[in-house]
Every structure is written in C-alpha cells, then in structure tokens.
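Just the one chain here, laid out as structure tokens, in the form predicted alone.
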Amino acid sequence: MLATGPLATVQDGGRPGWAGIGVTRSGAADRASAALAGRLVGNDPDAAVLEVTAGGLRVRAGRTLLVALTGAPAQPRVDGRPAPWNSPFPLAAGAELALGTPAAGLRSYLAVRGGIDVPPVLGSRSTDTLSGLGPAPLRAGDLLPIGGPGEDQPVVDVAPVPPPGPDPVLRVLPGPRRDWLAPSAWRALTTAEWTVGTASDRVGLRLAGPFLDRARDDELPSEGLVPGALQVPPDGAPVLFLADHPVTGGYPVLAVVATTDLPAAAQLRPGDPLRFRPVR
C-alpha cells in the first residue's frame, strides 16, 4: 500500500445477525459495485474487496494478480498508463496501480482474485468505522494478504455499468414513526431538494434542506435501525443511515429508503443534491 487517499477500508458483505449484541452489519457501502468487482475476477461472494473513498489509492502488486475496479470511476492508471474500469485485467508483479479523483460518485472498489485475506471478526473482514470492529482503515505501508482463488473462473470481459448519475431520486417508504412528525414534514421530504452535508460518512448522510417539524415533543425510547432509515433529530435536519449505522436510535424515523436505492445513496458526496420520491 503506497497511498490510501482520504479513506480506504477492507469490506465484504458485512456481519449480519449480530444486532442483538449491538453490532451492525457494516460491509460495503455500495454493495452492488462491490459485488460486481468480485464477480468480474471470479471471487466467491464473501471475498473481501477494497473500498476507496474519493480516490487517491496507490498500490503495488507483490506478484501477478487479476484485479477489477468498479463504482465511482477514478481514472485508473497502471505504471502511468490508463487501465480499464468495470473489466478484469492483469496487474503484473511490481506494477503500480493508482486511482485519481472520481468525476462523479464517491466510492470505488478494487477486487483482487482470491480476495483480501485479512483475519475475519465475527465472520466478516469488513471495517466498521463506528464500532472499530474489523481491520483498521488502511495506511501507507500496509501489506495486504491475498487469498487463494476459488473454483469459479472469470467469464465477463466488461460490465456495461453507467457511472453514478447526477441529481439522484431515492425511493422512500413511510417510516415507523412518521406520525411523530408533522404532516408538512412528509411533504417537505418528498418534494424539496436536499443537499448532502460535509459531516457525512459511512455511518450516514447528513442532509440540508427544509426544517422538518415534529408533531410530538416527548422522548422516544431507542428503537432498532436499518440501513436507509431517515431519522430526524431535534434540529429538524434528517440523517440517512448507511452501512455503519448504529443499531438503535432514539429519534423518530420519518421514512426508509428502498434497499435497491442504497448503492446510489452511498455514491453521494458532500454538496450533491438529491430528492426523495414516495412509493407504496
């Protein structure tokens, strides 16, 4: 590992099933892009990848590897020459792979055939930035072990996946505590344009837009949370929870983003606009 950019972590499908002891699932923020990267190199579904936030990654191969890059396109280069995106390609021993800054989107994924073979914690190799479980965020000088290849062979030359689009519209269902917010809050959520705030991270997106009024001022006991929950704290600015969300929260959840739209939410970066559309 020569450079990590703002943040690079090891991620896989996460560690489901541990919410009862306070451990969230975590895993890749853009699960669709991470899974695609693994399929392109013929990895097992549970193999770990690198999640790179805002580009800047530089790695050197210790031996010849088969790799693939997906997610936010980040101008990849191998020893200074352009490299493919959404397509498997060989990385020769000693070659340097470098990512630039994505022109659109936030998170890119690097899969290596055999997977990133760091020790699992509670059945997952994912870095949970909220709890600190799993491997620490990567640093320059880290040496990453690679696992043995699985039985499947890569069968796709290139995946025709479009880059993250501008002005995404995320579909939402009513949340379990919609009645704790004023009727005007639902209208504002689903008609106004929102902006991703600078304090956003893998835990969640902090959104700027209209103030969402409460219908009740009493305290709500802590309740379970899921990825995609839109929680409204007392300041009226909603938080859209992502992969490293807390297991419980004490503020009302006005809405929940459709699971299939969470990869698009994970690619939003500070300053990006977005809208919400209600679905039945």
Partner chain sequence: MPDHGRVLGERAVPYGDRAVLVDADPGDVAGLHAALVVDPLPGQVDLVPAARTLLVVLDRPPTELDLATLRRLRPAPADADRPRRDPVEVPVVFDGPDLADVAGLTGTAVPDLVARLTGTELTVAFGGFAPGFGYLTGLPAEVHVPRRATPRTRVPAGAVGLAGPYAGIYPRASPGGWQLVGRTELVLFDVDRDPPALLSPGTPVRLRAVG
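Positions refer to the first chain, counted from 1. Predicted, not measured: the structure shown is a model, and the values here were computed from it.
The same protein also has a form predicted together with its partner chain, omitted here; what follows describes it.
S.K.: Please tell me which of A68, A34, A229, A243 lies within 4.5 Å of its partner chain in the predicted bound form, judged by heavy atoms.
M.R.: Going through each option in turn, the one that passes is A229.
S.K.: Exactly one of L133, A188, L170, V196 has a non-hydrogen atom within 4.5 Å of its partner chain in the predicted bound form; which residue is it?
M.R.: By the 4.5 Å criterion, the partner-contacting residue is L133.
S.K.: When its partner chain is placed as it is in the predicted bound form, are T4, W85 and Q267 each within 4.5 Å of it, taking any non-hydrogen atom of the residue?
M.R.: Checked in the predicted bound form: no contact with its partner chain for any of the three.
S.K.: Quick check for you: of 91 to 99, 108 to 116, 155 to 163, 172 to 180, which stretch puts a non-hydrogen atom within 4.5 Å of its partner chain in the predicted bound form?
M.R.: Heavy-atom contact with the partner occurs in 172 to 180.
S.K.: Could you confirm whether V253 comes within 4.5 Å of its partner chain in the predicted bound form, counting heavy atoms only?
M.R.: Yes, V253 is a contact residue.
S.K.: So, G224 and its partner chain: in the predicted bound form, are they within 4.5 Å at any heavy atom pair?
M.R.: G224 belongs to the contact set for its partner chain.
S.K.: Does any part of G17 reach within 4.5 Å of its partner chain in the predicted bound form? Heavy atoms only, please.
M.R.: G17 belongs to the contact set for its partner chain.
S.K.: At 4.5 Å between heavy atoms, is A103 in contact with its partner chain in the predicted bound form?
M.R.: No, A103 sits far enough from its partner chain in the predicted bound form that none of its heavy atoms falls within 4.5 Å.
S.K.: Out of 102 to 126, which residues reach within 4.5 Å of its partner chain in the predicted bound form, heavy atoms considered?
M.R.: Heavy-atom contacts within 4.5 Å come from V121, L122.
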